[in-house]
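This document opens with one chain alone, in structure tokens, the form predicted on its own.
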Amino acid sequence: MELSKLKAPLFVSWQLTRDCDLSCLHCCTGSAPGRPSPNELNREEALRLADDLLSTGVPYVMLCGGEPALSPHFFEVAERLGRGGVQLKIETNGQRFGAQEARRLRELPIRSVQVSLDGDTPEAYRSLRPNGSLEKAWLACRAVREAGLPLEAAFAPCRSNIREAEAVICRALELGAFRFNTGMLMRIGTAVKFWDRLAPTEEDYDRFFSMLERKEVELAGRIEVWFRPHSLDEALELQLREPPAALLVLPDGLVKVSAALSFICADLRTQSVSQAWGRYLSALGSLKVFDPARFRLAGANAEAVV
């Protein structure tokens, strides 16, 4: 696909807020209770952006966070986009997502609701989400399916939960998920602070990916086991070789070139989606000489505008 021929991105990942109801050790966005990003888009600005996404013809948007349900305009944004014909994916930790929320979303073109299931025992789950409830996450999954919505399950492998990954796949299948999403833990956000405590060993990862390859075959046709590419380096190299037709929007309207990188290419508070798309395409040219190893040495706090 030649991106320059597209007039708009095919996908937008929109972090509505950095505020969250959990304090997860492995969070890649640095979210936590009472910690929204400075200068987050307000209701008027968010709805204006939603209208711009519609007028630009973006077909698919993911609403995430933080916990998107904590945004006071979450449903207004979802309904503005969905009623305009945009396919939606919702990412949630499931702590405040129940039957009422699921019923409200089922009137919209929901491609999936993704719930994080980082463990199959309360102990493993709380080792990463200290104030979270695994039972609530399971209840959220059931509410999604009872409303007739497509369910995805997400799993972040860490040292304290990686041995429960196979059980979580089985649990996701039992709960009615059509896909299980996972991959190597990203060393960004809050995870940087706790990396020595969180990061699985090479042996852990070897067993993990061997199990995933086995379950991918065993469960084919029943649930997708989605885990490629394996590493962050591989993902970055793939993105540079085959850039996605996607924009990643932060809560304050800034646009990142990649989830794993801190490079900012546009500001949707002052620029249109079309302008941001052009800036993204220009930024990709700057990143052709990008060295992932050099970025890792620079650290997760490196910031740049390209």
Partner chain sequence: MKLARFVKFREEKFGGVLFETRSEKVYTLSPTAAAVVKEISAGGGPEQVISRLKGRYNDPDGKLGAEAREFIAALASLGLVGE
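Numbering follows the first chain given and starts at 1. Here the structure is a predicted model, which is why all the values come from computation and not from measurement.
Beyond what is shown, the protein has a form predicted in complex with its partner chain; the following relates to that form.
Student: Tell me which of 233 to 241, 58 to 66, 258 to 266, 28 to 36 has residues with heavy atoms within 4.5 angstroms of its partner chain in the predicted complex?
Tutor: Selected range: 58 to 66.
Student: According to a 4.5 angstroms non-hydrogen atom cut-off, is residue 150 in contact with its partner chain in the predicted complex?
Tutor: Looking in the predicted complex, residue contacts with its partner chain include residue 150, since a heavy atom lies within 4.5 Å.
Student: So, in the predicted complex, is residue 110 in contact with its partner chain at a 4.5 angstroms heavy atom limit?
Tutor: Close contact exists here: in the predicted complex, residue 110 approaches its partner chain to within 4.5 Å, heavy atoms only.
Student: Applying a 4.5 Å heavy atom distance criterion, does residue 85 contact its partner chain in the predicted complex?
Tutor: Contact with its partner chain, yes.
Student: With a cut-off of 4.5 Å between heavy atoms, is residue 179 one of the residues that contacts its partner chain in the predicted complex?
Tutor: Result yes; residue 179 sits at the interface with its partner chain in the predicted complex.
Student: Could you tell me which one of 205, 194, 226, 138 places a heavy atom within 4.5 Å of its partner chain in the predicted complex?
Tutor: Result of the distance check: 226.
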